[in-house]
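Just one chain is shown here, as structure tokens, and it is the form predicted alone.
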Amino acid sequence: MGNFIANEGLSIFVILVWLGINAYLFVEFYMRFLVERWFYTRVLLGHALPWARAPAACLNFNCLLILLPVCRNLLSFLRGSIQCCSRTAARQLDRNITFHKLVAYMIAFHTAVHIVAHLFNFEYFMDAQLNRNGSLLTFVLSEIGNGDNASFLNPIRSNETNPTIVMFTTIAGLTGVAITLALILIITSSMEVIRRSYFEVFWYTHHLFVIFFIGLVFHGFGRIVRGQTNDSLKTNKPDLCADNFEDWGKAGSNCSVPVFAGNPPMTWKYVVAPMFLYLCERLVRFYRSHQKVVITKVVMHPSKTLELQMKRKGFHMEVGQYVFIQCPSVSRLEWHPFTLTSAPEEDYFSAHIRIVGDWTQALYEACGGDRNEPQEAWKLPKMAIDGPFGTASEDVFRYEVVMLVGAGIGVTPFASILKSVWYKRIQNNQEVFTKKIYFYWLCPETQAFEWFADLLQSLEGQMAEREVTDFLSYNIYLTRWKDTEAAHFRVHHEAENDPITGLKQKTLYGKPNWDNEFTNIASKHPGTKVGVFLCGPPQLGKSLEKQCLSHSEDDVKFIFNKENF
């Protein structure tokens, strides 16, 4: 229970606070539209009125939050500021994309409720105009404002129109349609199957958020939903005058014709600050994109993985960080995140890019990956770099014992860590708190081992040469293989070096027994906090998180950290 609180306690607290604020705003604004001022509006609309206004308040609040988790420079600054005070609080910032998605789901939910309620409202407005019976209060209320059209209650001013025409001839209607279409496209294109297979679709449709926010700001300017003014309440109290509506405004009557007005637009007050922060974020990216980046080396790995080694003036990084890369010759609009595989101690920074889509294929060809002869330096494409940005892996040296788990290309952040820790060991850096690293690499195919095996071979050789073999234990797993490959493995199993990676450490087949691995590490390191770092698929993350919870006891605790982009 204690480790569950250590791993998830603050996250759950933040989510509960967020849900609590949403619930409070919904109830508060629902009740606000049940007061006397809105009595006559409810005569026309019934309870559809508060059901439309309550989710609108929640939408304002969540639209205030939605941009903050993607202000990466702000998050990096906050992470560095609070890391010295609270490691747990800093780790919550690594879940920024998860929170961004939760807020998006909440926006979608409240938008749906708001739309459905307003569909009923427009039908009620239309019915009040169509039922032209002077003995009905709804018709009398609909006729108010016909003269100067200044204090109307019913925005549908004629019985010769329909809700569809009103929808496309009013500010609220037009902006509402634009907001809804933008939101539908943004959410549907964010589905994982589309995001991974058609990243460009996800990237471009996500920028419809500009239309969404512009529409949101202007949505309330028409002031279609109106309530009785405070001055009017003094001369027409609904509880006394509602039943005597036929005498309103007549001599001798104590009830004047009610006057109505809409609330001033409020949404801009919620979104102007996050929009300004996000604008600053994009300006920083624009500035960085014009800083000169020099590609010093291009390596084409056999597994169709492109390695770019680059330099930029003033670039400083930490282990496990990532950058956004833009190649103008491929696309001037697209930026893609890649983990840095170099160490801070090196005089360049590098990224390994697996060729899996149109953008990466175009970059591969621009760098000469499809040619046999080496690409001349002056022909290499120009690059723009935004970052670096912090991740969970920055905390790796804050733990005495560390488990690193990478799946496929997800091993990239650990390349930086393994390089850096080795540099620190050979430089006798006494400030390194980490004493033991357990490294696990899971790959579905043999080709994926090729580029990273070179780094491990180098480390293995240097550790043997310096007789420093105790600080790093590594296990490589091949999770899928062909029959022909299996026969080759059996023949060469007794060889001194592994037939797949060329390492002294033999490749294991299948998937790790995580229960045994955690049990062994817990028995070897009593009284310690073990940092578990994953860069891999969500299913593996759930499995490791469960293991962290189940194997944490009073004398040893496993703290789970996962990379998020």
Partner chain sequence: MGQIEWAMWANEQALAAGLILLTGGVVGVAGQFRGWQFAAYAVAAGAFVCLLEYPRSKRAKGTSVARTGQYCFTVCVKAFGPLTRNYYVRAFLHAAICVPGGFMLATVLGCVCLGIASLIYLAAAIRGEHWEPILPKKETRKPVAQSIKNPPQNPPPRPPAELRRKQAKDLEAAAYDNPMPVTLDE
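Positions refer to the first chain, counted from 1. Because the structure is a prediction, the values reported are computed rather than measured.
Another form exists, predicted in complex with the partner chain; not displayed. Remarks below refer to it.
- Contact with the partner chain in the model of the complex, defined as a heavy atom within 4.5 Å, holds for exactly one of Leu185, Ile295, Ile211, Val284, namely Leu185.
- Proximity to the partner chain in the model of the complex, defined as a heavy atom within 4.5 Å, holds among Gln326, Thr205, Gln228, Gln321 only for Thr205.
- Residue contact check for Asn96: none of its heavy atoms lie within 4.5 Å of the partner chain in the model of the complex.
- In the model of the complex, the partner chain lies farther than 4.5 Å from every heavy atom of Phe397.
- Contact between Met126 and the partner chain in the model of the complex is found at the 4.5 Å heavy atom cutoff.
- Taking the partner from the other structure, the partner chain in the model of the complex has no heavy atom within 4.5 Å of any heavy atom of Glu307.
- In short, of 336 to 344, 132 to 140, 215 to 223, 352 to 360 it is 352 to 360 that has heavy atoms within 4.5 Å of the partner chain in the model of the complex.
- Residues from 108 to 123 that approach the partner chain in the model of the complex with a non-hydrogen atom closer than or equal to 4.5 Å are Ile115, Val116, Leu119, Phe120, Phe122, Glu123, in the order they occur in the chain.
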